[in-house]
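The chain below stands alone and is given as structure tokens, in the form predicted on its own.
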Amino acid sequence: MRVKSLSVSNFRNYEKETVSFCEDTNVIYGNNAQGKTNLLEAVYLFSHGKSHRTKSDSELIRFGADFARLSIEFADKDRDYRAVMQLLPGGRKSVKINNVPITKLSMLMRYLNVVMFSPEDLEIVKGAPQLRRRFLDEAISQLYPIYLKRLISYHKNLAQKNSLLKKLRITGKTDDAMLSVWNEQIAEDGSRIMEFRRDFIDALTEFAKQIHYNISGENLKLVYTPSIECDIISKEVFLNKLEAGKLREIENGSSLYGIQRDELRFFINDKEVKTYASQGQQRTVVLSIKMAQMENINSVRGEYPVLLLDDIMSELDISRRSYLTEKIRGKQVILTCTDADTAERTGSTKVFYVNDGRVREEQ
């Protein structure tokens, strides 16, 4: 998979720019706050339908402009694509791929696969549980659109259930027929989501543990800890747990069980990374996970995703930088840095200098 070109108008700090990428390594360098990351964000938008930095699309529109327009040309192993996205104030957004309107932004994940790696990803290991769940949800949704469909359905039903639980708590009632209805639908979607998460973590672990050992000589283990504990995942087990916990949930006024409380834990040599690992070890875990995600996408889709590396080279020591450089060779990479010399160049590497929202390709 590769991105051929990207054009942006009134996007972030860009008035109008077009960048043509090569199939190998593309280095985007310049001082901080000049717009380097904005280019990666634009590519990411066409893969996930949303920014990785903000929830508000209005922030993506250049100050003083009425709208932003982006277009991208990319290709997978089967065909070429051209996608156009328009962002309007108030969060309105329209997307077309090969002139066909995309009615649901989740459909974008079927076309362009990317893996983003940035310094903020350290939070996957040391941050709050919802950050690890978000990583899982985005990674699995790229591979399996049905997962995202289940996830959206689950959270819609969960919101309805929480609203009812709040009312029951206020009124003092101990049950309501609709509570079982929501539990039934939540159990249907939730059990399938649990299966996807378990299988994905198993697959990711197979790649990550070898990559991590090659880098550090240490043993990495990923452990999925679902809120609904069970030996065999099923709708019946999930539903039984929800029904058995009705009174507790009514007393609490919110849902206490379900995939919204799942956890993903990391261990190095049987010690939990979040608690016992150094920052260097935590960074190596994240590097291993991202490289494993890249390999897993290739194993499922039959081609590697586009790698977006946001100022990550400066965060790695020489040995880890060398390992990453070797692993990404032969794949399309778009990376940002403040010093172009930190990235290895080949004969086909393209180098772009960014200054104040202007991009200049260096020869």
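When you see a residue number, it is the position in the sequence shown, counting from 1. In this text, all values refer to a predicted model and were calculated from it rather than measured experimentally.
Note that the form predicted together with a small molecule isn't included here; everything after this is about it.
Only one segment in the set 25-33, 66-74, 294-302, 315-323 has any non-hydrogen atom within 4.5 angstroms of the small molecule in the predicted bound form, and it is 25-33. None of the heavy atoms of K350 is located within 4.5 Å of the small molecule in the predicted bound form. Within this chain, T54 is remote from the site of the small molecule in the predicted bound form, having no heavy atom within 4.5 Å. The closest non-hydrogen atom of L335 lies beyond 4.5 Å of the small molecule in the predicted bound form. In the predicted bound form, none of the heavy atoms of K331 sits within 4.5 Å of a heavy atom of the small molecule.
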